[in-house]
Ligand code: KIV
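First, one chain by itself: the form predicted on its own, in structure tokens.
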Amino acid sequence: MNPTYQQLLDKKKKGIPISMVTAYDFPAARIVCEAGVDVLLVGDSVGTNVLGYESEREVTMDDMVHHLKAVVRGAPDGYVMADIPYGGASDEDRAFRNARTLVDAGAHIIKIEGWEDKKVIVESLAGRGIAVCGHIGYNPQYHGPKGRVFGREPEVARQLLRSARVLEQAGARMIIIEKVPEEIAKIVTENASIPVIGIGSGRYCDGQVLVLHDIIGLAPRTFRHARQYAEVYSVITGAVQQFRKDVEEHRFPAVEHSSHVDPQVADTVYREQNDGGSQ
């Protein structure tokens, strides 16, 4: 049974932290869902983590739909959030078309980057029945691939608080706050009646989101905001290297990895072949 938005809202009210992890394909979705994570995020970070793009700006709607459908198949009981990619929410009609496409592909809630400037877009989508998550602080789509902290200056901190309030009033059901000082993120969270999910924004948000590749050690580097819980890169590399060695040294496949035929059948085929073929 799919978790509902109301269950996430209840967690905020009860002070129970919400977990969110990215998933980009079927096996990852299955793992994240079986681990009991509250929300699976099909983020545009699929571009840099899976597709080899230089930045999230290269991700297309076709990319998002392709990976979203795989995630939904892998986590039919999960609560799935999907990003509208760069430029995909530039006006109300375009935002709705793209949001509707993602919902039809299985997303329960749509994420849009942008601060208070996205008020009209969020208002329009919410008014048409689309569940929306805002995304304030560092926005990779607009601020570029090199992350930086937003909110150290009083005016920027005030803008973050104002943006959270504006987006909630516009109808956003959730907000992700990225790379914001802990103290400012705490104020944003305490003043919002909707869940505020942090990444690199300290301990006091209603929940936390991380990229799966950062959690399991598949990312090329460990970011300050992330914690690596496993190191599977070397495990996978070692396994593939061992496979290569076993192939080269005739240890794989072994007898138990092969199927067999009655010796008489093999002998008949062999003789026919060496006699110039079957008649």
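Because the structure is predicted, anything quoted here is derived from the model rather than measured. We number the residues from 1 along the sequence you see.
The same protein also exists as the form predicted together with this ligand; that form is not shown, yet it is the one meant from here on.
Although the partner is absent from this view, residue 111 contacts this ligand in the model of the complex, with a non-hydrogen atom inside 4.5 angstroms. Put simply, residue 211 is close to this ligand in the model of the complex: some heavy atom of it is within 4.5 Å. This ligand in the model of the complex comes within 4.5 Å of no heavy atom belonging to residue 206.
None of the heavy atoms of residue 132 is located within 4.5 Å of this ligand in the model of the complex. A heavy atom within 4.5 Å of this ligand in the model of the complex is found for one listed residue only; from 164, 199, 84, 172, this is 199.
The stretch from 65 to 73, 28 to 36, 43 to 51, 238 to 246 that comes within 4.5 Å of this ligand in the model of the complex, counting heavy atoms only, is 43 to 51. The partner is not shown here, and in the model of the complex the stretch 116 to 134 never reaches within 4.5 angstroms of this ligand through any heavy atom.
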